[in-house]
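Next comes just one chain, in structure tokens: the form predicted alone.
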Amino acid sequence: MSSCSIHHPRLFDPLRRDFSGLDTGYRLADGRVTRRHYLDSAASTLALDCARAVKDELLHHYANTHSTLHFSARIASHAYDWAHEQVLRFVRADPGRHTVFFAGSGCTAPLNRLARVLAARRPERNVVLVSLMEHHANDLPHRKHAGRAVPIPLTGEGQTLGAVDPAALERLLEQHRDQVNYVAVTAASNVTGIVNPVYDLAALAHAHGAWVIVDASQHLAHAPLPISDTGAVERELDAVVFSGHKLYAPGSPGGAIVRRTLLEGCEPDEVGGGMVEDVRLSDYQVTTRFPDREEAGTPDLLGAVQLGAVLNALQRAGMERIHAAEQRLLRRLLAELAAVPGARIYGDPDPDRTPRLGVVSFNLAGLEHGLVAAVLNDYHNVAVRNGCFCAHPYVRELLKPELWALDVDPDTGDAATLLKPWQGMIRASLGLYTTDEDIEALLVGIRDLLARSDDYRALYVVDADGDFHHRTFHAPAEALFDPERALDRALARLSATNAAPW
């Protein structure tokens, strides 16, 4: 039995404290220096230090893969194979039926590749069904490469939109019978955290001969997501795509877990070194080995191994426990935010009716989202994201009742320019390291802003992009961290260490 299949109950608490940046402090607009409260994990998570230590140790043996004839290459090849094994094990995928390949720096590269490959595999099926709540990464590649992309409606309406509507999906599958190549859907929204019934959707798609691509970037770090919830093939996800930088491994690649039959028998989307058996002047022979045939070129060995170490560690701590701890914090945030006067929470706010993961997007009545985010940062050291979160169609649907109240149609071409300061939200997103103190800091900052909104508004100016800037407090990035100065310090330490004794 592998070590990662054994849960270690005592590992959970130490693991959630083992992240770089938890004690990072900044000087605020009022002169205080406080600890950062990082609530932007839906964009990128912090780095799990024990996994980073694995990568650092591997650097002592670093070499390229695809060889076993010197020690370091043998170690590198073994470590890279191990990283692939961790991904398959994490989603309980059968390595005989599934493969995983790494690509790019997030889910965008593997999603583009899958869109091109699947479009070429069944050109006669030129319709793709894409849910309304997708991040651009799981929307635009299908529009560009896969023929006609048709949106799948959600349950509910307006501000309280819910998950993907299975009945609506079934109607679309019937309407476009024998034309639908695949269904693209997120496992959990990066805007609202709402979880989709991906296994039910897979069963519907398979009954109509369609495949299912699931973007799991917002799910894998927060809750279990096996390749099939029951083990039944008809409820199996054909492809699961993810981003390592949202899995506590910044700097690691994106990846795709794919049923092998979707890739077999067709030429890989990318060609180059490592994916061939032989190359002659007249032709070349693609290898049949997975994942080699899907990973042309020199791999991101270090990033992949760091990611594999994260997945192994999360399994040891227990994904069920990680999920339960996040749900407690999420329910507290939803309940206390709902009690704030003028707060509007987007997406169905009842997690019992519509399951959510640790993402909450909201607005405060009468306050631009950019102003709220700026004040929370400058005066409370609370890091949240604001805007449309690379999910413009979904955000516009959630905002429509408010925009209509302003007598503006959000679907018109000039709406984005007219409503830039208002067409967006504030998003607080949780990670394994999030604490009650972080939630409290957010709530304290919101209450303070509402109590003194006029005073705060007078301190800021807004630019053409809708961003708010403090009139007197300036904290440019280079003053907080300058790469060249960091290198100067490292070189000074190096010089001091190697200086000749007096």
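Predicted model, so just to flag it, every value in this text is computed and none were measured. Numbers follow the displayed sequence, beginning with 1.
Keep in mind that the form predicted together with a small molecule is missing from the display, and what follows is about it.
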L301 near the small molecule in the predicted complex, any heavy atom under 4.5 Å?
no
Heavy atom of R316 within 4.5 Å of the small molecule in the predicted complex:
no
With a 4.5 Å heavy atom cut-off, would you call T108 a contact of the small molecule in the predicted complex?
yes
Looking in the predicted complex, any heavy atom of V395 within 4.5 Å of the small molecule?
no
Which residue, S131, S217, Q423, N181, has a heavy atom that falls within 4.5 Å of the small molecule in the predicted complex?
S217
Residue among H98, H369, H142, K246 with a heavy atom within 4.5 Å of the small molecule in the predicted complex:
K246
Which of 83 to 91, 217 to 225, 338 to 346, 269 to 277 sits within 4.5 Å of the small molecule in the predicted complex, heavy atom basis
217 to 225
